[in-house]
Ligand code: ASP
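Next up: just one chain, as structure tokens, the form predicted alone.
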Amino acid sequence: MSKIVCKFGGSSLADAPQFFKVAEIVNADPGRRYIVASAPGKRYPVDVKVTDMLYKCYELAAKKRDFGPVLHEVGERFRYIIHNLGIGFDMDTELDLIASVLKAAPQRDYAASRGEYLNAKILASFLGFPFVDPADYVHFTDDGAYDSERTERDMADVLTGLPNAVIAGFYGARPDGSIKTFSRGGSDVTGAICAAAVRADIYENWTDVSGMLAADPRIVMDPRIIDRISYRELRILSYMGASVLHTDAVLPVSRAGIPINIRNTNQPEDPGTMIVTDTYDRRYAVTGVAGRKGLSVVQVEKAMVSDGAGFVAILLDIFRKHRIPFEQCLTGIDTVSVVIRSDLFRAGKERVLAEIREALVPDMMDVKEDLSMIAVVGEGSRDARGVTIRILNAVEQAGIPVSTINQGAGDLNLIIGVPEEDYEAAIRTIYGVIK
């Protein structure tokens, strides 16, 4: 029998009707043995996610204010699910424990994690599967760094001993037992950890869309669904703004060569998007386009900078000392351009620029702000150069100024910088070329 790890997102487990859909999906294939659950998401557009309510509980508790009404609202969300599923579950005891911990020693990560914890316990009861608490098996160090080696070993030990299980997503624990969460979307990471630990045949990531889209549907009307994408392409598109899958979720499964299938809980018959090690000769030269706003470029010019020993290293070290990570670093014969986040750069801008002038004595230095970066990827493209030329020509003809161009060797991997006000127009222009 195959081993499938399924992660169900917040929209897939937002209420009781969604739980019934999840159960039908799980029961449709006996290989779906290990289920990772998120906290309940929004039931309708103006709804509030349970995790956001739990953050509010923490904020009130930290200020020694009454968080009872908000925690009661959290409990009502879960009680509604429990009642409609027709299962027995002692929600009062669970809520009393959460309240006592928040009163005694409020911890933000503990509060946030309780949505996944409770939803996973309820789903386990509904499916008749054992519940696995990741606080016992997903490990972080004292300083909050994820301990992958110990986690995969311990998770493999517990899961391989169980024919089925429901695992809460999003969190683990430090050596002292205190809860530590991944960043938002971290249930994707938990799913990938479990898939790698049991050497799953496939990792199914169930959400509310039928796969990854080739462009942002808020910008491009009816973009096509990507049927197949490589791990590397996914990492680039996710990093640049495509939000279907948490970027860190790719790493554990890509190392193990486990394919990911992004599926739609509400349309389970749709094949979704397959994420694999290598792509194949496909219909489209370009897999997708995605971008990020809120960036700046610092350009430093000095004659024959490429000959200067350590010039780039010194420049990047200045940004590092000011805790400003660089997004891209482009070098030429006489210039170095560093792409950074504007929000991190703005506060210490003058200090950083002054330090660059003192340390490197540049011939010229220029700063471009309010920029966006757009990535276009297509592994296996037989006409990468031709596609690149067509994209750049189309952007130029649309009257959109390009501030930076970064092109990888071989397969299509193009990143261009454009002003923020031209971001959406550039995305539509590029998609018009690649669709």
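Just count from 1 along the sequence shown to find any residue number. Just so it is clear, the model here is predicted, and its values are computed rather than measured.
Omitted here: the form predicted together with the named molecule. The next part is about that form.
- Comparing 33 to 41, 386 to 394, 64 to 72, 363 to 371 against the named molecule in the model of the complex, the single stretch with non-hydrogen atoms within 4.5 angstroms of it is 33 to 41.
- The closest non-hydrogen atom of Y137 lies beyond 4.5 Å of the named molecule in the model of the complex.
- Proximity of N205 to the named molecule in the model of the complex falls outside the 4.5 Å heavy atom cutoff.
- Contact annotation for T404: none of its heavy atoms lies within 4.5 Å of the named molecule in the model of the complex.
- Taking non-hydrogen atoms only, P259 never approaches the named molecule to within 4.5 angstroms in the model of the complex.
- G185 is the sole member of P252, P106, P223, G185 with a non-hydrogen atom within 4.5 Å of the named molecule in the model of the complex.
- Annotation for 114 to 131: the only interface residue with the named molecule in the model of the complex is E116 [heavy atom within 4.5 Å].
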